[in-house]
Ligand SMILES: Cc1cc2nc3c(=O)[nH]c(=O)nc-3n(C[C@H](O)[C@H](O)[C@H](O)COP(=O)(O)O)c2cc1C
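Single chain ahead, by itself, as structure tokens, in the form predicted alone.
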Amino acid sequence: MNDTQKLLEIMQNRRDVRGHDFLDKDISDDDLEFILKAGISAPSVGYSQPWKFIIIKDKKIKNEIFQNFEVENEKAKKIFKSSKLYPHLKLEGIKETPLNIAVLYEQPKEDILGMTTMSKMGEYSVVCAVQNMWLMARTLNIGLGWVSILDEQKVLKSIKAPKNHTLIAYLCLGYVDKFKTEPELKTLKWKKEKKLDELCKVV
């Protein structure tokens, strides 16, 4: 298998990993460094490098974040009340993983090249960092789950985030024994997979 095929395979086998799939094993410092270095290797608008990573191991903070999730998930259940599947979905691994990472966006204090018209480009740059981290984690047999059912302001307070920072992603990381062969929501038929020809248009 050549490098191009291998890279595509890694991308296609990336998974959003849930709490019941993690092993009870600490992430090594070397592996964590690989993941963080992958993050800061992402492209950023105007070379602004607007990301900050808060690594969370403290059980008290993780419990606070989990309670935050529980409150917001109850609200989500009411939104998806017509779905019999939603109440049974495991949508986080906050307490089951050895560490969580809050990925923040540092709001600029000056004009940034490339953001004078499209002001969201800085936040999109941080999303690129998250994708890099996700792919690197996959090569290390580390599962990564992105938790988005959270009250952002409460998370920022719980982690004592610096001022002028926005929460982009709350990630749960831990080693896994194996990865699912398909995305879980695809297997459960939550949504139908879109094909390439549905998503492309030549103009």
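Quick note: we count residues from 1 along the sequence shown, nothing fancier. The model shown is predicted, which means the values in this text are computed figures rather than measured ones.
Same protein, other form: the form predicted in complex with the named molecule, not shown, and the subject of what follows.
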Taking 4.5 Å between heavy atoms as the contact cutoff, choose which of Trp146, Phe34, Tyr175, Phe66 touches the named molecule in the predicted complex.
-> Trp146
Would Ile10 show up as a contact with the named molecule in the predicted complex if we use heavy atoms at 4.5 Å?
-> no
Could you confirm whether Asp16 comes within 4.5 Å of the named molecule in the predicted complex, counting heavy atoms only?
-> yes
Using 4.5 Å between non-hydrogen atoms, is Lys95 touching the named molecule in the predicted complex?
-> no
Would you please decide whether Leu185 lies within 4.5 angstroms of the named molecule in the predicted complex, comparing each non-hydrogen atom pair?
-> yes
